[in-house]
Ligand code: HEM
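Before any questions on binding or motion, here is one chain by itself as structure tokens, the form predicted alone.
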Amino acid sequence: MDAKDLLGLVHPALAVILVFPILGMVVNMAWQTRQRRLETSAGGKSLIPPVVNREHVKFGHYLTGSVVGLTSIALAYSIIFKGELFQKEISSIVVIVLMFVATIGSLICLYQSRRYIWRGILAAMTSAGLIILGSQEGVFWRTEQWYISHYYSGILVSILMVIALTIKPKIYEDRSNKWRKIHIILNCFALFLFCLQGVTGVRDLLDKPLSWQSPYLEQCDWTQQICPNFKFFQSR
């Protein structure tokens, strides 16, 4: 494996080491938070400590940041190596770099913002940045199979995480629990997408050849599932 192949492992490695463990903690705390709320609302005393709600919010923040960051890393790798970014004009390079900075900067500002109008604007800017970066040359979309595309489900789950961060203040201010129900529904769908990401991510890793293998595999007929008899492989 050369440097390009090793850098290609950063995204899946961080997903396994960082994102999915945080996801597990967030889901566990979300379940405990709901159970405690149901027990106390029924007039009983819950054995689940009150701190679980605060920890759920804190790790939810970590999850949003890690998911958006991980998506940005994957897009950066595809744009640089698959889209051959550094062979483009300097103006194109500058625009794409600024787009990455604006996307991450918008998310950072979203964490700090308190006014609802600005939270909506910053969430829209973060989401739009991910979509624009995802539309660049080199990103593998698998549009013909969008329903099992690692790209589309990854972008969608990133946007759902941004939305969850954006509406957090509304959840605690709304006594009708309307925003809480929206939060639960959106994040149940996001959990399904996370599971789908695990499956499609493994599939795409199996489909991805090493750099030295690519010139040979490009000569294969994938429709007929036939490859020419390479002398290289015959000698092995």
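So that there is no doubt, residue numbering starts at 1 and follows the sequence shown. Quantities reported herein were computed from a predicted structural model and do not represent experimental measurements.
The same protein also exists as the form predicted together with this ligand; that form is not shown, yet it is the one meant from here on.
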Does each of Leu63, Met161 and Gly201 have at least one heavy atom within 4.5 Å of this ligand in the model of the complex?
-> yes
4.5 Å heavy atom contact, Ala74 and this ligand in the model of the complex | yes
Flag Ser127 as yes or no: does it have a non-hydrogen atom within 4.5 angstroms of any non-hydrogen atom of this ligand in the model of the complex?
-> no
Examine Val139 and determine whether its closest non-hydrogen atom to this ligand in the model of the complex is within 4.5 angstroms.
-> yes
With the cut-off set at 4.5 Å between non-hydrogen atoms, does Leu210 touch this ligand in the model of the complex?
-> no
